[in-house]
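One chain is shown next in C-alpha cells, namely the form predicted on its own.
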Amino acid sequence: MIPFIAADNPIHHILDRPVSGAEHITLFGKPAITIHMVSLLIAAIVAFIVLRIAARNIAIGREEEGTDRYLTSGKLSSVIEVISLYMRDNVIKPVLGHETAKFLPYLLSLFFFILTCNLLGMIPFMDMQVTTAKLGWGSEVDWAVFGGTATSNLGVTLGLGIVSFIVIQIHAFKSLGLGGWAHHLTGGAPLYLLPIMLPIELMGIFIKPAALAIRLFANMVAGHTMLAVLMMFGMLAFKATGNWVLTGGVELISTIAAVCISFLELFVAFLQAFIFMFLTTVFIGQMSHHDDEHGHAEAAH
C-alpha cells in the first residue's frame, strides 16, 4: 500500500477507503463501513450539538435576567444567529415568501450540515491518525478511522441532491397539484412544441439536483487535490535532486502557497454550502403556486 503522507498520487488523499480494522466487513461485495461514512456521521453529530447549544444561547432567557435575557451568549452562537437571520431575511424569504417558515428548518439544516462537512474536511485528521500509527506502533498500513471531506464523495453529494429532489417534488405536487405540475412542464407552450418541451423539462427535473451534487463534489475534490499537489512539491524536488537545501526552498514556497490556498478553501467551504442551499431554495420557489402573489400585485396596481 502506498504510504498516505508521501503518496505520489494526490487523489490518494481524497478517495474513500474502508475503516481500518473493518476491511473484512462487506455489503454486496463493497466495504460496509468507510472513512467517509464515519466522517459523515461525525459531521452530523457535531452540527447537531453546535446548533443545539446555539439555539439554547439564542433563546430568550428567564424574566429575572432583565434585559440581558434578550442577548445571545457566546461568540459562536452569535455568529450562527447572524448567519441564520441573514439567510432567512435576505436569501430565503425573497424567494419563498409566505412559505419561508415551512422550509426554513430544512434549508438551514442543509447549509450548516454541508458547511460542517466542508470545515471538518480542512482539518488533516487522516494525516494525524496515519502519522500516529506509524510513529506510535510502527504500523505498515495507512491506519485511519475517520477524516477527509465527506462532500468530496460523489455518493454523499448525490444523496444530498436526492433528498432535495424529493423535497422539491413533494412540494410541487402539494402546491400545484398533478395538473399544475404537468402544466409547469409545458410552460404554456403551444401543442406543437410539446414533443420538444416535455423531454427537456423532464430531464431538467433530474438535472437540477444532479447539478447540485456534481458542483459540490467537483469543488471539494479540486480544492483538496490542489492542496495535495502543492504539498507534494518538496517530496518531488528531493526525489529529483536529492538536495536538502533545494528541497527546503521548494517546500517553503509550496507551504506558503498551500496556506494561501487554504484561506481560499475556507471561503469555498462557506460558498458551496450557500450555493447548494440557495439553489435548492430557488428550485422550491419555482414549483410554488404564484397565483396569490400575482393577484396581490394586480390589486396593488
Partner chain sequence: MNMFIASDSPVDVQLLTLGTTIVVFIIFFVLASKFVWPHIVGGLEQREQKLRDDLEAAEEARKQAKEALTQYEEELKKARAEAGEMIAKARQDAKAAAEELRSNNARELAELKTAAASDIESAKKAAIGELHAEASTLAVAIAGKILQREISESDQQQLVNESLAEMSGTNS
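Quantities reported herein were computed from a predicted structural model and do not represent experimental measurements. Numbering follows the first chain given and starts at 1.
Although it is not shown, the form predicted in complex with its partner chain is what the next lines describe.
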Next on the checklist: Under a 4.5 angstroms heavy atom criterion, identify the one residue in I200, M128, L85, I207 near its partner chain in the model of the complex.
Outcome noted: L85
Item to check | Interface residue in the model of the complex among L115, L216, L230, I80, criterion: non-hydrogen atom within 4.5 angstroms of its partner chain | outcome: I80
Checklist entry - T149: heavy atom within 4.5 Å of its partner chain in the model of the complex? => result no
Checklist entry - If you check in the model of the complex, is I11 within 4.5 Å of its partner chain, heavy atoms only? => result yes
Checklist entry - With a 4.5 Å heavy atom cut-off, would you call R62 a contact of its partner chain in the model of the complex? => result no
Checklist entry - Would A269 count as touching its partner chain in the model of the complex under a 4.5 Å heavy atom rule? => result no
Item to check | Among 174 to 182, 130 to 138, 192 to 200, 86 to 94, the region lying within 4.5 Å of its partner chain in the model of the complex by heavy atom distance | outcome: 86 to 94
Next on the checklist: Using a 4.5 Å heavy atom cutoff, which residues in 140 to 158 contact its partner chain in the model of the complex? It's fine if the answer is none.
Outcome noted: V141, N153, L154, G155, V156, L158
